[in-house]
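Next up: a single chain in structure tokens, the form predicted alone.
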């Protein structure tokens, strides 16, 4: 049977998840797309670093080796950092490959240019995993845009911040203590600045803005606040009044036609759709013209939630676009 050749750029937590899912769901993917997907090459930074066995797969630290693979059709990008990820994806598209990414910072900045390049060259871009991990927010908004109209979006888009706020409220612990536990559990990085400052949620919001409204607001004009200035007294006092602080990213088109956005802690009551979202979960409340408010909830990160939607993106792209470089074994 003909095989779709794929490569993974980066073999950390998410990259390994992609590898496992593609191999464990090989028959299912073949039945859905018409051909099995085979991981043919993996790009790593350090060849000497211990990693799971990948028999029969080219493991290399040279990006140029990836495109020496005959019939390469799909490139999964799971690299941390804006570059070289953006450059790699641009080159992959120019080489005629579909690309799938989870890189929110890179995609918030370069997503529109990558999509335009892919349209020009007849390939596709999958980016569901850039926002809310395993929650199918991108697909939902794409479907709503067909006949409905998205009028506003509010989301808890950073699981680390939500975990910290939940711990502070439920256990009456300080921000510092809650952050320390988040780091010990692997929910927060050693340097948690992007999470607790609001920048991670901001980048995800910019991606949603571009998708829902066709444009992003001027970045420097978007108010962005993190949760690191919230005190325990403020969180506990709000809870005693039946209110909760949530770190909410909000975007909508104003009456003047301008895109309005904000990111920061918001005090909400039980009638708000994001009131009950605790722990590391993400949630997005999508306000629509004809269907009211739709709320999607689920894990915002992790090996399998993120990797699963990336493999799903690849399958969708292969169904949308004719196979061009199938290799017959």
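Please read all numbers here as calculations on a predicted model, not as lab measurements. Positions refer to the first chain, counted from 1.
Not pictured, yet referred to below: the form predicted in complex with a further copy of the same chain.
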Fill in: Within 4.5 Å of a further copy of the same chain in the predicted bound form, all of 28, 32 and 305 (non-hydrogen atom)
yes
Worksheet entry | Proximity to a further copy of the same chain in the predicted bound form (heavy atom, within 4.5 Å), stretch among 185-193, 148-156, 99-107, 233-241 | 148-156
Worksheet item: Since exactly one of 113, 143, 174, 229 fits, which has a heavy atom within 4.5 Å of a further copy of the same chain in the predicted bound form?
Response: 143
Item to complete: Have a look at 58, 296, 44, 266 for me and say which one sits with a heavy atom within 4.5 Å of a further copy of the same chain in the predicted bound form.
Response: 296
Worksheet item: Contact between residue 217 and a further copy of the same chain in the predicted bound form at 4.5 Å, heavy atoms?
Response: no
Discussion item. Test of understanding: in the predicted bound form, would residue 253 fall inside 4.5 Å of a further copy of the same chain by heavy atoms?
Written reply: no
Worksheet item: Could you tell me if residue 84 has a non-hydrogen atom within 4.5 Å of a further copy of the same chain in the predicted bound form?
Response: no
Item to complete: Using a 4.5 Å heavy atom cut-off, state whether residue 289 contacts a further copy of the same chain in the predicted bound form.
Response: yes
